[in-house]
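Shown next as structure tokens: one chain only, the form predicted alone.
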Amino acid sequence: MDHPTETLNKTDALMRRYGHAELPMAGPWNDTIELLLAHKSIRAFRSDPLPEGTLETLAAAAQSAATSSNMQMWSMIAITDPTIKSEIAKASQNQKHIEQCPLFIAFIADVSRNQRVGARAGTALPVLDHFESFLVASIDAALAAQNAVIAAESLGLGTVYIGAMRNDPRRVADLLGLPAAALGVFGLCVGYADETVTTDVKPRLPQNAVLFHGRYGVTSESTLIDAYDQDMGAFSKRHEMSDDTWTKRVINRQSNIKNLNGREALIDILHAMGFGLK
């Protein structure tokens, strides 16, 4: 039987994550699950240095993530040099938290290492020239990064992903000295959150909008999204965000190709950077 405090923690955590939507069943629970549900993006960091060995701990956590067939087609580059961070920020829509955070990590979809393994063995690896290999490399990088995020948050650190690194992947590749067939798929800011800047757990879609049993379904989707729009409207108002509902954010973000900020040409750029993508 749950202890009353544990039940309260479950309810509070689920309320923060789902807002006023119908809460899912509060099933098995522990500190790890509570940590996961409390995740929030941090975009203001203190300059305090991280404890010695933090990077290596995060790397060990990242390398403990699942990787397809143990191919390990990803890499991570730790960046602390203010000049390089500033240049990456310029290539990523001038996001100042890249410069603020004491540690910035670039996660790389890295097909190049396995290319070198084949070359050293004198064996052609034609599988690496197919889109599947790029997809595997990108998924592996994402799985590794999420492990690093969970590890960082368990240590009291804040994080935020930087997908805008893909706005100018060739510039990022130059800055980081990437070989052909290696792409900076996203970055990660890591550091201690600046507590003077208010952050909050952002509500997610009701669980019934994304969790299906046996078959995909959209029967109640409109009703669920309408309810979610109300919660996101209230969240946006509290945090002075311009898009006051999720529906408006989807439409504003995805109705204009210009919002891709150069990523509409990513296929051609990837070809030029040495990815086969057959």
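These figures come from a predicted structure and were not determined experimentally. Residue indices: 1-based, along the sequence shown.
Another form exists, predicted together with a further copy of the same chain; not displayed. Remarks below refer to it.
(message) What I'd like checked is whether S86, A89 and A193 together line a further copy of the same chain in the model of the complex, meaning each has a non-hydrogen atom within 4.5 Å of it.
(response) Result no, not one residue of the spot touches a further copy of the same chain.
(message) So in the model of the complex, is a further copy of the same chain close enough to L266 to count as touching (4.5 Å, heavy atoms)?
(response) Judged by the heavy-atom cut-off of 4.5 Å, L266 is in contact with a further copy of the same chain in the model of the complex.
(request) Consider R170 of the chain shown here, and say whether it contacts a further copy of the same chain in the model of the complex, taking contact as heavy atoms within 4.5 Å. (result) Heavy-atom contact with a further copy of the same chain at 4.5 Å: absent for R170.
(message) When the contact criterion is heavy atoms within 4.5 Å, does N94 count as touching a further copy of the same chain in the model of the complex?
(response) So N94 does not count as contacting a further copy of the same chain.
(message) My question is simply whether P28 lines the interface with a further copy of the same chain in the model of the complex - judged by any non-hydrogen atom within 4.5 Å.
(response) Yes, P28 is a contact residue.
(request) Between 46-78 and a further copy of the same chain in the model of the complex, list the residues on our side with a heavy atom within 4.5 Å. (result) Result: P51, E52, G53, T54, L55, E56, T57, A59, A60, A61, Q63, S64, A65, A66, T67, S69, N70, M71, Q72, M73, W74, S75, M76, I77, A78.
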